[in-house]
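In the form predicted on its own, a lone chain appears below as structure tokens.
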Amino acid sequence: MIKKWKRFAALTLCGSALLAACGSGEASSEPGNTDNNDSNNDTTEESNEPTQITWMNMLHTASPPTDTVTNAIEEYTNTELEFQWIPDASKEERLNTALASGNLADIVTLTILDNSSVRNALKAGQFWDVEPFLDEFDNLSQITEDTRRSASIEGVLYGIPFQKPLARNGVVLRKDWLDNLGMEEPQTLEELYEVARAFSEDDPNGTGQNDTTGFMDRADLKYGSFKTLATYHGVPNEWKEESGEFTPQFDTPEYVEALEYMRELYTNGLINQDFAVTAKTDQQEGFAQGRAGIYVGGLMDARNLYTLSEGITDDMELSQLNKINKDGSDDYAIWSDNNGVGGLLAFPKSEVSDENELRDVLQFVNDIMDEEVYIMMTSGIEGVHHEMDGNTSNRINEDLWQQEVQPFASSRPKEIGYDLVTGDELKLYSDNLILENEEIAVLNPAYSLESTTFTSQGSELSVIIEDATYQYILGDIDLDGFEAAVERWYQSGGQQIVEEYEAAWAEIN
């Protein structure tokens, strides 16, 4: 990286593709606004040259973005950016190769923190520990202690965490079917079961035929129905921690209760009978085609389900629920995916050679967390990709947005806490429920802990429990068979994982 200190000017994005400076960027004109940066301020006055930054980044779209939004980000942050885009489908292979060869960039997007090569490179000290620097910057200093700890490895924060919503999941169901049957939205698992029964047996669509079922699920125990329903039963998020002792979620009475609940749904025909081999696209299409009335998954999927239904079931009305439990009390819970951490923006010491250069790239990351840049990376340039109505962004050119803006969506270091509203009322409602989930989210206590056995054998061992879970739900094994699988997990390396997590917990607490 060629290090040059920066001076920042906020931009107003106007009417066309033109960008006009408006001089409102004073809050970020100094790196961190701390007294120990006086020597750098002299450099700021001497040079307005942009800082050159390379960024090895993930690409989740078919092609990289054109330069329109990149140019806007560069001008806002006074940088010259060079992206090295890695297709998400080949990220493991490409990152492993880059780490082995040392062919990296100033900023490296790491979204696979459980990858052994990535984890070993971080622990080996190839990347900067950024925590000592965070409080120098206005946005970075706001990263919560929980997020910092969740994103750390052995107590060290090797990059800026991607801040995601803590918990996105809930229940989407056919409100029009509830109305047809004179039913209320369910608040307990028992009521949800009764809705599933009625959707399967009481002709909710009024066709006079036996052509509907309750749940439409897919072959995914985590992101499909099972894990969310398990949380409603009180199952911990991956691990239960009590006084430093760790128990895997599947070795709890609540997990067995969740198994039994799913088994009854399956046995009584209240869930699609092919769920164990159903892909997500088929699940969503089946729901949109009116074959089922309950969808458990990401609440944000409601918008897509509604869109898929257009021209097929145009009378569809949807309810979205995020608070269901066993007893109807005010005690709710929902599991958190990766504790709200979507990976790290990491800074290799081979490219970022000293603390001054590190502060340069940290200032850049700090500045792209400003709301102005968040809007650029979410909605694009006003007058080109979207128009603002208050704090609501309305797209004016969908094709151009997909080409020039959408690829940046996965590059936003922070996705929460902004006032920007995108989409329609259905999406806004989903967003509000996801925000509510922050208050009831259950974190994984082992997420940031180190276990060499889990790193090397975790995926292999998880198959033992996944297979046994499916087999129990489908009626292929009984409780003794499931408990035998749990014991096999312990004997095959699971006990070592427990002991390693307990030791890691004791070391940092």
Partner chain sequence: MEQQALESNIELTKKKSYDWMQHKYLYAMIFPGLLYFIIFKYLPMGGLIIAFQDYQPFLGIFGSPWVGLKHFSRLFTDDVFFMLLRNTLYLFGLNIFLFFPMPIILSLMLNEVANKRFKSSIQTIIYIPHFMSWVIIVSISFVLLSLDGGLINELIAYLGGEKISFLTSPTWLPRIYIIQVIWKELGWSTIIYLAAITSVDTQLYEAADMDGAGRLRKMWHVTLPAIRGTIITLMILKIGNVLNLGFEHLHLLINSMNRSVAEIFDTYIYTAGLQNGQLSFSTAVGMFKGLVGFVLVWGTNKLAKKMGEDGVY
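In this text, rigid core is short for the largest set of C-alphas that superpose within 1.5 Å between two forms. Predicted model only: the values in this text are computed from it and were never measured. Positions refer to the first chain, counted from 1.
Just so it is clear, the following notes concern the form predicted together with the partner chain, a form of the same protein that is not shown.
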item: Residue among F162, Y266, W239, Y255 with a heavy atom within 4.5 Å of the partner chain in the model of the complex; value: Y266
item: Partner-contacting position among A100, A409, L420, I312 - heavy atom within 4.5 Å of the partner chain in the model of the complex; value: A100
item: Segment that reaches the partner chain in the model of the complex - one of 437-445, 479-487, 451-459, 59-67, heavy atoms within 4.5 Å; value: 451-459
item: Contact at E49, T51 and I416 by the partner chain in the model of the complex, all three, heavy atom at most 4.5 Å; value: no
item: Contact of S117 with the partner chain in the model of the complex (heavy atom, 4.5 Å); value: yes
item: Close approach of G125 to the partner chain in the model of the complex, 4.5 Å, heavy atom; value: yes
item: Any non-hydrogen atom of N96 within 4.5 angstroms of the partner chain in the model of the complex; value: yes
item: E260, heavy atom within 4.5 angstroms of the partner chain in the model of the complex; value: no
item: Residues in 461-484 close to the partner chain in the model of the complex, defined by a heavy atom within 4.5 Å, in order; value: V463, E466, D467, Y470, Q471, L474, D476
item: Core-aligned C-alpha movement of E351 between the shown form and the other one, 2 Å or more; value: yes
item: Post core alignment: N115 C-alpha displaced by 2 Å or more between the shown form and the other one; value: yes
